[in-house]
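Below you will find one chain, with nothing else, as structure tokens; this is the form predicted alone, and questions on how it binds or moves follow later.
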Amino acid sequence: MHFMLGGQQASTYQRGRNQLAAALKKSPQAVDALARFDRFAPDLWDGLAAVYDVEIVWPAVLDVIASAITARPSALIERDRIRQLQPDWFQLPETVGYVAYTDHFAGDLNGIENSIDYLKDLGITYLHLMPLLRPRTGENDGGYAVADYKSVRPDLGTIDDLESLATSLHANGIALTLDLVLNHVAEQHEWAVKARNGEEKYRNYFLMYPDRTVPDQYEATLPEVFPDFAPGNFTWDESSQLWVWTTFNSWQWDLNWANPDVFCEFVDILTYLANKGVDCFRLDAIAFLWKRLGTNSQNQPEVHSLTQGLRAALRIAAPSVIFKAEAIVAPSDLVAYLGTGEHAGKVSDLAYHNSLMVQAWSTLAIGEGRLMAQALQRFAPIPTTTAWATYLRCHDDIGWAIDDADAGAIGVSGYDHRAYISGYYGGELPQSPARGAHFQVNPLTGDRRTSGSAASLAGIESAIEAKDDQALDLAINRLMCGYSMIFGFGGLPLLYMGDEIGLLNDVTYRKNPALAGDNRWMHRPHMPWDVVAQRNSRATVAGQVFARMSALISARKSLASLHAATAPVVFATDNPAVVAFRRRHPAGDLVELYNVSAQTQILPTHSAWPLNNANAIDAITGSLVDLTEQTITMAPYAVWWLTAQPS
């Protein structure tokens, strides 16, 4: 045993191992699976013990794990073996992600399978398909109100189609990521239906109250996620005559993770989908899992114990599978989702770097990088076995999470800065080239989030409208400057569907009554394959952006220093309009310089340390850069990824 347990606990632990050994007695996986148990069972035990009566839940969890192991297909068993030999596969510079809605990208799952060549042409090795498990009918929060975790949305295909797609993706070197909504289910989910009908077992799956006494106590410290169209955190359910906890929408019922039956249900769901070929699960709304009176019920310590338990269960049953935490939280809380203290390296393998995204857009709006450097330098180190998932855009709005302390450190007001950049990207400022829209305006706090595609926020849409070629060149450079930061930071970069061809806002969503009230659909367009067909023509915006994005991806894959285990140092240079990322690596140092302004900038050569006083090569263009002079000059929105010229 790898850890110390008391007599009764040690007996329970050993009985669990014997239980697993007996269940796998005739399985060819028995030896490997028991070895994985010996490695990861302590993490599972500790995760469970922090939340539940572990001696009761232990045999139930191991029973689910045993069933999953015996059901795992032989091709995935072989994939497990390969991944165990290269556990850093998601940290490699060669790993590049793509995010898309199945129907908007290719119609259905078979269409995705027929589009694999396009993804390979772009250099994609990791595909995240947005929610595709069967949601409730009608409003469903873009698929995040799941009615059945073990079936696919009917118009997209079947669970067999999903398995076929995973097999084809694997054959082409592409990993598959799916969303797993942990915090809530649709009110039409079988568990909610049974709870509504009075089954006590399933009422304990949720947080249901006979009157407003307890809900009002919680509401005193709970924020509202969607104040415009889903105020409050509790909904009266007429059928059960009970108040139900509903953080996001009235038809999304929060789960009671204090109930160990819920944990076992999700181990079963995770292993079922893993056995269909899913490589990574995006753990949606993970910060909200644990409820605690007197707090905002986010980022509670139990969240990390639960994640550790789920991860350990998967490491035993399907060891090639990884987790990505969807935790859009304050920087001070974020690193914990990759593991700190006793959970270091034992929770999610990936986490979204929301701050990098916000700082990239902020920096491009104000044309200087001091705030970015201040904010990113404050991040605590992450476990070397984990990685940031970096992105410039996603399916969601942009919340302008600028910390007041960071803003104050460079002498500006956080409130005023947030107001400025939300106005800049939200279509308020006449001097701004951005074409975005405000989302969820909160008049009490002044908070205004932003919707809009990356290309439209970067100014491509307004330049095309004005038929201004110079503004268009500047906008494309601005877009690529932002994406270069995302690809050059390290971690696993995620390219949002259509950004590789400069796809603009799509306002046709307004014609659909089910979507018209949510302007995030403006940056969730359908893939225009007629435009994609122009990607090799430099005479088109799509062709120019695609060529630049392809070169960026190729450059990233060539640089060992972009392995996620190497942490970047971000700093503002002597010229605040130029931001530098520096990476020290045994295979060769990398200095990235970004002119984040619309003007030509001159900066001292020592900003390129440790490569100054030498000739360097820009890894993106292959051009030589002379660092022997006292100063260097960068064009507007220029990006240089500098490596030492080989002797």
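Each residue number is its position in the shown sequence, starting from 1. All values derive from a computational prediction rather than experimental measurement.
The same protein has a further form, the form predicted in complex with a small molecule, not shown here; the description that follows concerns it.
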- Item | Single option in R393, R311, R282, R418 placed near the small molecule in the model of the complex, where near means a heavy atom within 4.5 Å | R282
- Query: From the list E500, E326, D406, E187, which entry has a heavy atom within 4.5 Å of the small molecule in the model of the complex?
  - Reply: E326
- Item | 4.5 Å heavy atom contact, E302 and the small molecule in the model of the complex | no
- Query: Within a 4.5 Å heavy atom cut-off, is W529 in contact with the small molecule in the model of the complex?
  - Reply: no
- Query: Does the 4.5 Å heavy atom contact test between S348 and the small molecule in the model of the complex come out positive?
  - Reply: no
- Query: Is F226 close enough to the small molecule in the model of the complex to count, meaning some heavy atom within 4.5 Å?
  - Reply: yes
- Query: Thinking of the small molecule in the model of the complex, which stretch from 500-508, 463-471, 311-319, 393-401 has heavy atoms inside 4.5 Å of it?
  - Reply: 393-401
